[in-house]
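Next up: just one chain, as structure tokens, the form predicted on its own.
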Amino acid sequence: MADYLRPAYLEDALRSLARPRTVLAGGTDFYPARVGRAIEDDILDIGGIAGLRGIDPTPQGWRLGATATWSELIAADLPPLFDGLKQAAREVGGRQIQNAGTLAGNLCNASPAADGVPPLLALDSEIELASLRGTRRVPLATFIVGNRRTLLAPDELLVAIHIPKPAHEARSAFLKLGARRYLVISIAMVAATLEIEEGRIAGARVAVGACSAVAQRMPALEAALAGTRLDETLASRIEPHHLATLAPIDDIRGSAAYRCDVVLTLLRRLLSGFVP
């Protein structure tokens, strides 16, 4: 018979990982994958741990607790830096999924088409991992290592996502293309955070998802945007060679060639939206 635990304290949860368990938060990926069959996994439900909740400012930026939901993010009072992440949150399933699903679960699921990953990459996020051995932080850019694969060790839990304060005024945005407007897996998606100083881009972070095994930053494009004026010429600065590191696949949702073309179009639309 499967074992189900719902501890109230993080230390108890970490202690339980001495044996293999499936960690459950919102369950929005776990349950649909098991429709029609008995659940045989030993479950660790972390939803009762108060210390994993909340979206809070810190001296260095913001802490997003592991069990913070998409709906909580949408409702949170956050600066324009988070606009892109909020836009992505509204694209995650329907309202019921947003009420239950968690940001951390989206990262640990590590789907190439996970909506939360590109905007969190563009926010330069760090992931906090905890075990009985201690805690560590890793950049999100290195946390997801492949399709459905992360750096998370068997005895670790993802306990928080940390967003650093930008050095300048900053805004972000997100765009996604699917076969229909809502409740659909991405064909391609893009996110960007721009730091602005006196009408120029002081720093750019751009990420693309669903076009490689792992969503990734676009360093060549970021370098091309740095120092440029925030004006109507911004979108035209994107060139195909800036996206050379992408490796999209052919599948039922679109061909690799189509995805490459779509990403270029989405990025140009995204950047045009930053222009006053």
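Computed from a predicted model, the values in this text were never measured in an experiment. Start at 1 and count along the sequence shown; that's the residue number.
The next section is about a form of this same protein that is not shown, the form predicted together with a small molecule.
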item	value
Site test, Pro139, Arg217 and Pro248 vs the small molecule in the predicted complex, non-hydrogen atom cutoff 4.5 Å	no
Pro240: touches the small molecule in the predicted complex, heavy atom cutoff 4.5 angstroms	no
Val263 within 4.5 Å of the small molecule in the predicted complex, heavy atoms	no
Distance check, Gly101 to the small molecule in the predicted complex, heavy atom within 4.5 Å	yes
Non-hydrogen atom contact Leu24 with the small molecule in the predicted complex at 4.5 angstroms	yes
Among the candidates Leu151, Ile97, Ile196, Ala76, the residue which, in the predicted complex, approaches the small molecule to within 4.5 Å (heavy atoms)	Ile97
In the predicted complex, the residue from Leu175, Val92, Ile187, Ile163 that sits within 4.5 Å of the small molecule by heavy atoms	Val92
In the predicted complex, segment of 131 to 139, 79 to 87, 200 to 208, 151 to 159 with a heavy atom within 4.5 Å of the small molecule	151 to 159
